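Just the one chain here, the form predicted alone, laid out as structure tokens.
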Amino acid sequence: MNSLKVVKLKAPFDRFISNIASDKSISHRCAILSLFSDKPSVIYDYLQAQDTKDSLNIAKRLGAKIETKNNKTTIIPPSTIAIPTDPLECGNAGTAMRLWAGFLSGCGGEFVLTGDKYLLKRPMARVVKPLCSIGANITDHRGFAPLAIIGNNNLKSFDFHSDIDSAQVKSAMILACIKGGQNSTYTENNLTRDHTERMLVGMGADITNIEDKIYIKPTNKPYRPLNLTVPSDPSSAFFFAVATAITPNSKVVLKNVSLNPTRIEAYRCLEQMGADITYDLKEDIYEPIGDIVVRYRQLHGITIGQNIPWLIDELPALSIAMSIAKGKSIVKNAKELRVKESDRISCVIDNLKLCGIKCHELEDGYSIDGGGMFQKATINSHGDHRVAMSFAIAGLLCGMEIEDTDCIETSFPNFQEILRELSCR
């Protein structure tokens, strides 16, 4: 089990960062959605992290041919889905397990999805129950993985409303609908990330959103192949936005980032706290892509209770900014944080207290008394890459040691390299 020692910054920084990890959510979807075509999909800058490599390997196990050269990945779909004899490994990725569960529910054959010790502790009933309600045959282990799936290529039509605001559940149901071949509709309480819908529409799928109701109309014809460059991950880039926002006289330009409105809510929150942030749109085909410029300004406290599904990955990093900001900050309506890679509410609050920050745990979030000074501490990430990287950013102010950092490799392999570059003048 690796650890990371972060050294306190000696001076402000002014940086262009163009090597941020590619978007993990989009990379997972590239591996899955490419199988809806009968022609090769070409993906540039597919994220070469363990979780997304696992998704590619699942596609390969299902019969796809994968060719990777430099930054170009070609996925050649099979004419029919192969039936693997061994379990399909999802690593640490809840996105991969839940989306593949949706896809495989509509395929003929028997499949088993499994993952690492952390993924096996994450709830899967949220996706298993709705899939089973439309005719899928999935056996879980008391609500958790491994998932044993007997595919059914004649799933029922559905008019489904989800009480859980989850892009993973939504995507699983959309993928099952397309494989099952029945016109269906899907609604949720609050709009969640829409990468699946955007990418499928770009491939020629008939998916429309009318007054927040999603209409899915499958066809028997294969979709167009994907041909895209995966943008930089705004959730990964956000760590360095926070680093800038808490380091006086600093500036950073985050290059070629997804500007999807459902992905940059955390930047909007940082703006509300006082940070100087601008956006420069460069293109908009499958996804809006551009640069984000962040300049330091004194931060103040904020209350966050809206658009939580758009913030769920960035709230640990925001907690670092909240600790520095003047005044009190509150996060509420975020109980979903308790079922991520770790219980992010308890994990964040316990570690902030170790750093000398005054904060309080709530059932559905936390409150932080800002204006504090971070103290050097030894932090346990509990295998959660977002927690590990958030406290590494805090370490730029005081130094920090983070334990159990293998998890960073699952999503942002060059995070430590960029972190070190901030210290180089």
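Values in this document were obtained by computation on a predicted structure and should not be read as measured data. Position 1 is the first residue in the sequence shown; the rest follow in order.
Keep in mind that the form predicted together with a small molecule is not shown, yet the notes after this line are about it.
Of the heavy atoms in Gln182, none are within 4.5 Å of the small molecule in the model of the complex. With a 4.5 Å cutoff on heavy atoms, Asn260 does not count as touching the small molecule in the model of the complex; it lies far away. At the 4.5 Å threshold, heavy atoms of Ile216 stay clear of the small molecule in the model of the complex, well away from it. Using a 4.5 Å cutoff between non-hydrogen atoms, Asp165 counts as a contact of the small molecule in the model of the complex. Picking from 94-102, 323-331, 270-278, 290-298 the stretch near the small molecule in the model of the complex, with a 4.5 Å limit on heavy atoms, gives 94-102. When you look in the model of the complex, the only residue of Val128, Ile349, Ile312, Val252 with a non-hydrogen atom within 4.5 Å of the small molecule is Ile312. Three-residue candidate spot Ser25, Arg29 and Lys340; every residue lies within 4.5 angstroms of the small molecule in the model of the complex by at least one non-hydrogen atom.
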